[in-house]
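Here's a solo chain for you in structure tokens, the form predicted on its own.
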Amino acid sequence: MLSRIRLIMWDTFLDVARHKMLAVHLVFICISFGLFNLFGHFSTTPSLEYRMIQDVGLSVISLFGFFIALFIGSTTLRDEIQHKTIYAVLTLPMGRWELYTGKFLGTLLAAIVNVLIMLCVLTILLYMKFHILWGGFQWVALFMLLEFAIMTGMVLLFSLSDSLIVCFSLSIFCVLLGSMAEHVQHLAAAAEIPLLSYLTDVTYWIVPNFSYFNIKYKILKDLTVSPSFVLWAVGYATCYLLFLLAAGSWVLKKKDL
């Protein structure tokens, strides 16, 4: 069982790496070099220039990470269903949940490697220009990887729908709502409408709360991250990923293939 899942995971990762990774990294490297020129007029205050490049660089990685999650998650399994290559796999002595688990882990690995490479590129360029090691890099990397792992797993689940438009729409809606979940909940509470507050509370527990992983601004201000908060975020991400895995396996099992 584990060997079959590992084989599908590795095959999925290699398929994404062959066709979809290189162009993203080249574009990001070009944008990173552009950032150094864009903020060159702050060279008289290196600390400010460093902070601005770091902040904008992380924002660009967040944007790229979302599009990577959207692109990888929406095409990995859907392409196999459309091209009917999935039928050859389903004829093997393998459960559908094993197939989905392998695809799930492969897409997560591809998204994580993409984001990690972009973070490393930004860190290396910052060090080459300013000769400063990025304090708190490990926490930014960990929380961004958790965030984009959830995004990728969520898009993969939505890719089992019959429409690519539905997949994109649900993914974008859930990411936007998950990023603003706490703000929406506070606004609903301030409106003092019981039904609206109840609906927002239910949505708050269903949609992933990405505010748990948005710590880059804390790190940029040199604030510490408590171990309890790290454990809570890792536990939350793990539970939500297991939920997405179970839901996707169930949907694939019920899907008429």
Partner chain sequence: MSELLVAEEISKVVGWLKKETIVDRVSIRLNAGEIMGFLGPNGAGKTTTMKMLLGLTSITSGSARIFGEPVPAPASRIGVGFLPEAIQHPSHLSVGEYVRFHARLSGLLDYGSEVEEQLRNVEMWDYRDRPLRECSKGMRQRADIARLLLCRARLIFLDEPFSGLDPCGQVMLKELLVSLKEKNISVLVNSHAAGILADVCDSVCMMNHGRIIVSDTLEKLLKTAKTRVVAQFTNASAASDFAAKQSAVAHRMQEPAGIEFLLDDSCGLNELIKAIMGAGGQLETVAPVTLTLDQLFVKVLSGQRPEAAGGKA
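Quick caveat, the model's predicted, so the values are computed rather than measured. Numbering follows the first chain given and starts at 1.
The protein also exists as the form predicted together with the partner chain; that form is not presented, and the subsequent description refers to it.
Although the partner is absent here, T85 sits close enough that one of its heavy atoms falls within 4.5 Å of the partner chain in the predicted complex.
For the chain shown alone, L116 is not a contact residue for the partner chain in the predicted complex, no non-hydrogen atom being within 4.5 angstroms. Contact between I172 and the partner chain in the predicted complex is not found at the 4.5 Å heavy atom cutoff. Taking the partner from the other structure, the partner chain in the predicted complex has no heavy atom within 4.5 Å of any heavy atom of R78. Shown alone, this chain has one stretch from 149-157, 125-133, 172-180, 86-94 that lies within 4.5 Å of the partner chain in the predicted complex by heavy atoms: 86-94.
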